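A lone chain, given as structure tokens: the form predicted alone.
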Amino acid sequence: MKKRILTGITTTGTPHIGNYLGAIKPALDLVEPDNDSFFFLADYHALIKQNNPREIEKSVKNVALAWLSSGLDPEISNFYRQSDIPEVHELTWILNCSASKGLLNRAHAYKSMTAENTQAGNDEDKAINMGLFSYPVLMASDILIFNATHVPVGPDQAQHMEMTRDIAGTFNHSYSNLLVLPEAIIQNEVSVPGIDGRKMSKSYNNIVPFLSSEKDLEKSISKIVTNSLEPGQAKDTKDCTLFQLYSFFATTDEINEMNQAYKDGIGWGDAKKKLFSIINSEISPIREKYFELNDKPNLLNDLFFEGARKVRPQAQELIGRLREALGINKIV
């Protein structure tokens, strides 16, 4: 059976090296001629945390261009924007009427925030909106609307797929087997350290930029925290942020050479130059493509229009069948 692989791309901020290594590259590696692939920008999901319209607009543009620059081909994969498929939101309401509140209570994001509120002595639902609480249903709709058979997720996102299957199964039991129960493709978690050693994250302000100029890339790498060992003193690669980042981009031979250089006492300045060189070598063509695409003002609007034109009829067809099953149909 032909696989239908779907990947959602949250439109918050501008992708960094951690996003490139942990999400963009692994997802694009799954694109094969024998499979259908769907990539969508989850712009309505961004409303849960972001209420600045200019930031959302900027993020949609930067995230879309990052994926296109990294090799996403709209001629091969379906590439569309969530907000251009209104049937997703109709399906969300339909599934809201099947999803149990008890299931949504167990969502990791909701449980984490209620726990923080309780620990602080506040009402457990303080500052929690319905978007955060019910986002697993919107996520399920994103997946189910196009009958996706497989969805790549990290280990920490496996719950999303379990909830999607649970919600779809409940609906199918109540009506008929109209919704495909997707399978998770569990991908190895890629924990990319930031310049301070913690996991790379915009919230920590410790990122290595992905689509910046060479100068900004080099500047961020120069800020990587190291110890006070001088050139000529042997250095340990274990738990070394600089070496870990180098390993993500280097070949086995290059890693072995760098490992030996650590033993021989390479200076931190020289090690950072090597790291800059190897990262820059891989992302230079991506950066050039990004700037090229960024100079085409109508590109994304045209791609989003074409993407919706290709996939929306499939969503409309499923909603038509669901309406009939629900009894919400034309009166003859």
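For clarity, a rigid core is taken as the largest C-alpha set superposing within 1.5 Å between two forms. Owing to the predicted nature of the structure, the values given are computational and were not obtained by experimental measurement. Start at 1 and count along the sequence shown; that's the residue number.
Not on display, but discussed next: the form predicted together with a small molecule.
This chain is displayed without the small molecule, yet in the model of the complex the stretch 141-149 from 104-112, 141-149, 173-181, 217-225 comes within 4.5 Å of it by heavy atoms. For the residues Ala42, Ile266, Leu65, Ile48, the 4.5 Å heavy atom test against the small molecule in the model of the complex is passed only by Ala42. Residue-level contacts in the model of the complex: of Asn78, Thr92, Asn206, Gln157, one residue has a heavy atom within 4.5 Å of the small molecule, and it is Gln157. Among residues of the shown chain, Tyr262 is not one whose heavy atoms approach the small molecule to within 4.5 Å in the model of the complex. Put simply, Thr10 is close to the small molecule in the model of the complex: some heavy atom of it is within 4.5 Å.
Interface residue remark: Tyr135 is counted as part of the site for the small molecule in the model of the complex, having a heavy atom within 4.5 Å. With a 4.5 Å cutoff on heavy atoms, Ala250 does not count as touching the small molecule in the model of the complex; it lies far away.
Superposition of the core reveals a Cα shift of less than 2 Å for Lys111 between the shown form and the other one. Relative to the superposed rigid core, Thr11 undergoes a CA displacement smaller than 2 Å between the shown form and the other one. With the core held fixed, Met200 shows a CA shift of 2 Å or greater between the shown form and the other one.
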